[in-house]
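Before any questions on how it binds or moves, here is one chain, the form predicted on its own, in structure tokens.
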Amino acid sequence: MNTNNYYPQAQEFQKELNSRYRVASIWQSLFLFALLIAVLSLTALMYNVIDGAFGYIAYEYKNDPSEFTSTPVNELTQEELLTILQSNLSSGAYKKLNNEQAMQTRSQADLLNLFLERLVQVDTKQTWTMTESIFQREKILQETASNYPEARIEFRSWLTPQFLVSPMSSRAEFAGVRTAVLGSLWLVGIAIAFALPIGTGAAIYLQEYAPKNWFTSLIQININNLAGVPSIVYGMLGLAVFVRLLEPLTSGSMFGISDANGRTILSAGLTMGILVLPLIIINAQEAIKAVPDSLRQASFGVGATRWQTVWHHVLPNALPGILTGSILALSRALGETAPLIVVGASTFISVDPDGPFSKFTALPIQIYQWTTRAQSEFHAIAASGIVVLLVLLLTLNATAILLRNQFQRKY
């Protein structure tokens, strides 16, 4: 009997079938277990972040608010706060604040923060996480009454609208992420403006025009290798090329800007552009490969040139994949820290970037700086900053999905 053509029969067949089902069930269980581990890990991460962004805080006022006004603090109007600040701040401090942003244009919440920060001077004694605040409330109240009898205690959300629009401050109670968020948006804008056209053009050439020989194969291998290079290496490249070699350009001195050096937001944005360039090239190539060859052949069949084929048929159909890959690559750049530190990001800056030649910080840098501080209140605002960063990342990813769906419907 030829065993190569043997098929099990009757009970032997049923036994073989049951064995296959058992193996399939085992693998299915392993896959489900892996999914559960991933979900639990992400849930633990999110809970840990949110847990630090809410909770009780015990604080004292170094100066009694009644020394400056008889009106309750929460009832002070914008005009009253402006008058109090102008009367009690030194002329130098008031002028500095006015130069950063005209005092008359500041909101009531902003002026109230300045009043509490500069005049009343809030002194935070201790903070607690959300979990501790919920399950150990009585213990927290007793501990506060015993250790800080003069302290006020309240349940606080560190992630507030004011946190989003406030600049950096040396006091965690008044610090915000506005400057860091604007710096991150500048970086992403410069990186995408630099990397997207270059990366897409390179992908089109490699996929549609380049001859298949050892040289183009070598280029392709190096592009794939560069996608896995540690980000700190790109930071060193940016320091050597953009900060030092091209300093007249990146500092703005060739345009008449004399109060800056090469450690500007332009240098950082170009560095981030180089960092994501290999990823954009690879993603764009895969999107172009996915376009059916039948479209190309049909275009050539009616007399179109290769460029007309690429422009009118290949590129429009590959555009959803190119845009999706590019935005996902920029999501990586948004969360990078090491290259920015090398290029010269500031760890403390309260002035918003107003152009490509400005000094800058970024949200990951700000979060890192807060987590290195010993005070627990800085850890709380670091958790709030992480939430903001995650929202930005999810927004970029959602934008990628929307763009893909939009262009898929169109083409």
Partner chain sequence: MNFDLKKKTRIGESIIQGLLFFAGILSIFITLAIVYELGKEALLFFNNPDVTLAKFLGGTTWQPGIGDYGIWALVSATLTTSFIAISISLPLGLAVAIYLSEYASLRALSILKPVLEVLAGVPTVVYGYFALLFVTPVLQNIFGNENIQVYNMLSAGLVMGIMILPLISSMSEDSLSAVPRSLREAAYAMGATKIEASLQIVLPAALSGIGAALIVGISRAVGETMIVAVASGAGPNFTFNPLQAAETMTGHIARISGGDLSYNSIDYTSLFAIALMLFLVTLVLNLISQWVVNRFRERYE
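None of these values were measured; they are calculated from a predicted model. Numbering follows the first chain given and starts at 1. So that the term is clear: the rigid core is the largest set of C-alpha atoms that superpose within 1.5 Å between two forms.
Although it is not shown, the form predicted in complex with the partner chain is what the next lines describe.
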query	finding
Any non-hydrogen atom of Thr337 within 4.5 angstroms of the partner chain in the predicted bound form	yes
Ile153 within 4.5 Å of the partner chain in the predicted bound form, heavy atoms	no
Any non-hydrogen atom of Tyr148 within 4.5 angstroms of the partner chain in the predicted bound form	no
Non-hydrogen atom contact Ser66 with the partner chain in the predicted bound form at 4.5 angstroms	no
Contact stretch among 68-76, 107-115, 204-212, 163-171 - heavy atom within 4.5 Å of the partner chain in the predicted bound form	204-212
The partner chain in the predicted bound form reached by all of Leu97, Gln101 and Met254, non-hydrogen atom within 4.5 Å	no
Answer option from Gly92, Pro292, Pro248, Pro230, heavy atom within 4.5 Å of the partner chain in the predicted bound form	Pro230
Answer option from Leu226, Ala193, Leu82, Ile134, heavy atom within 4.5 Å of the partner chain in the predicted bound form	Leu226
Those residues of 380-397 which, in the predicted bound form, come within 4.5 Å of the partner chain by heavy atom	Ala382, Ala383, Ile386, Leu389, Leu390, Leu393
C-alpha of Ser66 off by 2 Å or more between this form and the one not shown on rigid core	no
After fitting the core, Ala34 CA displacement of 2 Å or more between this form and the one not shown	yes
Threshold 2 Å Cα movement between this form and the one not shown at Val391, rigid core reference	no
